[in-house]
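The chain that follows stands alone, in the form predicted alone, written as structure tokens.
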């Protein structure tokens, strides 16, 4: 069997048999990979704690017909230890991992940008660099952009008329003018539009200064936009603590 080595973030695990786990990985060079980690549920496992969600690891695997097998695992960053200590960071991190898995729908389709974005989000959560929900919303907006769904914020998504516009239509991909506003469009404050733009561009001085009300409104828009394009809701978003 071909053997290969790669860096990865552990997205999800599930039990297999009495002692093994199936781990879902987002790797640097091979995209999303599912692999068996044998014996990791035993007390004396060599690397059981290294293949848990949130962990950033260096792995050796050999390629199988349906599932690969983890043969070595070395910790690069133990993000899981720090993220799990705080409920807000934990729920936001769980939503980051679920979003990453859903946006990497094709196995073994490399996406270096998404991989680096996930690593950056987990690092920011582990180090408490910003409010967890701001980190999550920034991750979602940028991940959606990588996937080809960047929201239109400076013109009408329907007719391209320059903004500013007051209405946001998730089905049309962003802001819309009054003439092309479909039923059910959300009325958005200028502050929330500014926050969305700041999260997309990485302007954390603006994002960190946003009022709680603005953060809540923006989070609602971001969640609605993500779940529309994924077609199915994220279970983890329901648990995220909003300010």
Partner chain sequence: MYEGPVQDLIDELGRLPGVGPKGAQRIAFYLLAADPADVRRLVDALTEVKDKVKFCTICGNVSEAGQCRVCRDPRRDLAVICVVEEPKDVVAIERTREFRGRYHVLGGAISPIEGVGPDDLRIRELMTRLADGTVTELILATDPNLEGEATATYLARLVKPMDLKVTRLASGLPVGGDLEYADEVTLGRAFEGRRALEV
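Every value quoted in this text rests on a predicted model; they were computed, and no experiment measured them. Residue numbers count along the first chain shown, from 1.
Beyond the structure shown, there is the form predicted in complex with its partner chain, which is absent from this document and is the topic of what follows.
- Heavy atoms within 4.5 Å of its partner chain in the predicted complex are found in one stretch of 54 to 62, 175 to 183, 202 to 210, 30 to 38, which is 54 to 62.
- Of the listed positions (161, 150, 86, 127), a single one reaches within 4.5 angstroms of its partner chain by any non-hydrogen atom in the predicted complex, namely 86.
- Residue contact check for residue 229: none of its heavy atoms lie within 4.5 Å of its partner chain in the predicted complex.
- At a distance threshold of 4.5 angstroms between non-hydrogen atoms, residue 72 is out of contact with its partner chain in the predicted complex.
- Its partner chain in the predicted complex comes within 4.5 Å of no heavy atom belonging to residue 190.
- Using a 4.5 angstroms threshold between heavy atoms, residue 11 counts as touching its partner chain in the predicted complex.
- Looking at 29 to 47, the residues that come within 4.5 Å of its partner chain in the predicted complex, counting any heavy atom, are 43, 44, 46, 47.
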